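This document starts with one chain, in the form predicted alone, laid out as structure tokens.
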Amino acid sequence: MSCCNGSRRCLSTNFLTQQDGHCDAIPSNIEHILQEYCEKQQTSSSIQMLMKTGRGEMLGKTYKSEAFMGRLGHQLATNRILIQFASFLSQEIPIRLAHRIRGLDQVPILRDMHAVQQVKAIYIRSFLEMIDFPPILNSNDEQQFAHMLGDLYTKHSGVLVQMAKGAYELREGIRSGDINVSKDVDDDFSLESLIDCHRCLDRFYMSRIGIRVLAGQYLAMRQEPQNNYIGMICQKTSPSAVVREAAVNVTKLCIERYGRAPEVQLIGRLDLTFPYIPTYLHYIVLELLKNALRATCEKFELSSSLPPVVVVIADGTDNEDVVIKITDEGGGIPRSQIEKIWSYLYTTAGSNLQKAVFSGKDHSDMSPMAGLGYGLPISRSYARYFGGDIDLMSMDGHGTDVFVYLKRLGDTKEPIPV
């Protein structure tokens, strides 16, 4: 490479100075490096693997010449765990970023949206910063890497909303006639024909979850340890506690929006705990409760009382999953609309409400009751990332049952999109 005496640092500097916050095409001087990383193999992980790494059980793979397990001092072991994890992330995250940059550059129609170009620019800047970082050989290197990764983690906090804004721009372009997708598709259903956009968004969000889980786990491991926690992973996550906290948040939102809220009743295995990341379970439950409470309030708008939303937590000793069922009597969903609710490009909220929430960040408890249209599909992506799933059964005219399946062993390898 000719610039900066062979260093890649000039690529990052040039990109930052040449871009105005968005990127409509990958610069030619970055293309070959991006392709190099796209050809590298991504490495899958799991909750169990992250816990083993946090406990130091994987150190033998890096320090093979030392039989130190059980003999190292706590601080030295902790330092080596962090160096090992940081070294892995410094190699793995650029590969994942490269795949997503390529995906955003190739997806038809959506790639032309200004908000998506801004996201692509963020990813390219992060990619260049990551590949420019030198090898991590000691604790000082690890501390500098943590500082850089923490900054990138914060900078990416609004990407979820930014991508939703790109979907909004696409919807508005189709409705206004500025974007012509198909002459045979009417205004209400045109977005469902954009299969490539759906697939791109699915891959993008799944990959984003993986990157933030890995980075978030590493950064959390550098903080003061909490009881029962290994990084972000709580070894004794209580679904009932998560549901109660989410119910408080959603009830407050519901009262602000509708002046009242249905009671959230919680039954089943309230004593159950299992290894999981509470932050992500909270997001899943929050989104599902928002839908249930909103539907109930709107269905019974003229009624003096509201039927409760019932949450059931089920588990048995031999069950492979922890299952959470959320039941409402909010009128249900027409069968013809069921597939739409899993679309990243579909929302029941109007344009003004969507515009009002584009300043938000990921996982905000105070996001509105409806708006961007990604609550359900993102929740399902979170569940699937950890080996679970979300299913929905609805009785049009009556109500909806949503089933959240959570893999209780945490040994499922993450699904890595290519």
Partner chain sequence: MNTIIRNWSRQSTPGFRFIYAKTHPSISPSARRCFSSEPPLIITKSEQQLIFDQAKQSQTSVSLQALMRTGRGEYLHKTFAEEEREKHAATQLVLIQVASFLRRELPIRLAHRIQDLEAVPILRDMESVIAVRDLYIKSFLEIMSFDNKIQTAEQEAAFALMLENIYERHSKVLVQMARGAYEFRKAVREEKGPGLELEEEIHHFLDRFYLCRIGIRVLIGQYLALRQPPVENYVGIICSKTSPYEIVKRAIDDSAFMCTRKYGDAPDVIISGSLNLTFPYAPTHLHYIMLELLKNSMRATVEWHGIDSDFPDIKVVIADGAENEDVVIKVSDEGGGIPRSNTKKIWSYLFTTADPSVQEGMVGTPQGIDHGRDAPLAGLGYGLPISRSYARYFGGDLSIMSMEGYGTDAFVYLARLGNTKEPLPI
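Since the model is a prediction, treat every value here as computed from it, not as a measurement. Positions refer to the first chain, counted from 1.
From this point on, the text means the form predicted in complex with the partner chain, which you will not see here.
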Report summary line: The one residue among P334, P225, G173, P108 placing a heavy atom within 4.5 Å of the partner chain in the predicted bound form is P334
Report summary line: Only hit among V312, V248, A241, I179 for heavy atom within 4.5 Å of the partner chain in the predicted bound form is V312
Query raised in the report: With the partner removed from view, which of 374-382, 49-57, 35-43, 387-395 is the stretch that lies within 4.5 Å of the partner chain in the predicted bound form, judged by heavy atom distances?
Result: 387-395
Query - Exercise: E320 in contact with the partner chain in the predicted bound form, heavy atom 4.5 Å - result: yes
Requested in this report: State yes or no: in the predicted bound form, is some non-hydrogen atom of R125 no more than 4.5 angstroms from a non-hydrogen atom of the partner chain?
Outcome: no
Report task. Tell me, yes or no, whether H198 is in contact with the partner chain in the predicted bound form, where a contact means a heavy atom of each within 4.5 Å. Result -> no
Requested in this report: With heavy atoms only and a cut-off of 4.5 Å, decide whether K325 touches the partner chain in the predicted bound form.
Outcome: yes
Report task. Kindly confirm or deny that I267, F403 and K407 each have some heavy atom within 4.5 angstroms of the partner chain in the predicted bound form. Result -> yes
